[in-house]
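The chain below stands alone and is given in structure tokens; this is the form predicted alone.
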Amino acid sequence: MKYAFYPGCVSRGGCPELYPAAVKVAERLGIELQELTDVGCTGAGVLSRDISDPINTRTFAKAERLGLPIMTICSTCQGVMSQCNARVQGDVEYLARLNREFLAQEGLEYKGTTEVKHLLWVLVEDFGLEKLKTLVARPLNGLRVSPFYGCYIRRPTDIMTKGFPGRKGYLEDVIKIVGADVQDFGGKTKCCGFPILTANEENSMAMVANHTGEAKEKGADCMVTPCPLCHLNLDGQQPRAEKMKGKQIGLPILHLPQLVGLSLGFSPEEMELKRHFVDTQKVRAKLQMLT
């Protein structure tokens, strides 16, 4: 299994623990990654498709030239890329214009064959959960984990889950296969609040407090998300949300590859759990009980 690896911006910036965790997990699973280094940001947050679509189509062309599907580790990147790919694959004239006006100057052409898949999808659809189960060296028995999808990896459904309705429950499937207990809660598919952080801080902090607080009250030991932007808000802003809400929450937020990596036998240090804002001691303590 080989992929053109698109790590995105945040996995080496705001969440630098994500990149090494993903690379280590991929290596342990035998997933070969050829990182795309000469590509740009997906343009998440940029309202103009005239700006983001040429950038993403160029990335697709780079992967297509390698003959590889793209693997992402960011739900936001996945959402932006999937929607762009759907537009260009569904409009021959639009794709021809992007090729002519933007890609041709570099000798590139996108024929529309590149598939873009988040690590979560790769684990379930390509690698296989039963195979993953055989490699679990430390079943996370007794660890209660709340899934948090956020906005981008399940919506819009006609693009993100088309042909794969099971994607709506992949996080829960992975949590179970690594031996942990799913602690469901109502906010798992809602916005984390990151997109409105600078425009409406009060509401953003309320969203952080509501999601993490609800999961904690339901009994979760931690939360796992496939989106580093969600992680930035739910983990990085949780202390501020606690102050604004006037109550302590203290719910650790794990990246998807960190959760998987811990079950594969990697130590909390190797998964860089100490880099989080919210103390992960409760998770680490439960892991010690399993060893």
Partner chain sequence: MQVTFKVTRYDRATGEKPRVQSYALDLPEGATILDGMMRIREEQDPTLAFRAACLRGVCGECTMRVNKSGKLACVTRVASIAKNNEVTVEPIRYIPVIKDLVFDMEAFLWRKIKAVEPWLKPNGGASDREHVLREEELAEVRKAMSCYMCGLCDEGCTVIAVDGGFLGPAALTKAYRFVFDPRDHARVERLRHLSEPKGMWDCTHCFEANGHCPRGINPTDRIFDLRDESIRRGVKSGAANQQVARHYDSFVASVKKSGWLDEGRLAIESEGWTNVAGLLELLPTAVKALQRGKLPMPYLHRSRPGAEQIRRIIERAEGKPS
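It should be emphasised that the depicted structure is a prediction, and the values quoted were computed from it without experimental measurement. Positions refer to the first chain, counted from 1.
Below, we refer to the form predicted in complex with the partner chain, which is not included among the displayed structures.
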All of Pro69, Lys162 and Pro268 within 4.5 Å of the partner chain in the predicted bound form, heavy atom check: no
Arg240: touches the partner chain in the predicted bound form, heavy atom cutoff 4.5 angstroms: yes
His276: touches the partner chain in the predicted bound form, heavy atom cutoff 4.5 angstroms: yes
In the predicted bound form, Thr134 touching the partner chain (heavy atom, 4.5 Å): no
The partner chain contact in the predicted bound form: Gly250, any heavy atom under 4.5 Å: no
Interface segment, criterion being heavy atoms within 4.5 Å of the partner chain in the predicted bound form, picked from 212-220, 151-159, 135-143, 114-122: 151-159
Interface residue in the predicted bound form among Pro195, Gly169, Gly128, Gly179, criterion: non-hydrogen atom within 4.5 angstroms of the partner chain: Pro195
In the predicted bound form, residues of 18-45 near the partner chain [heavy atom within 4.5 Å]: Thr37, Asp38, Val39, Gly40, Cys41, Gly43, Ala44, Gly45
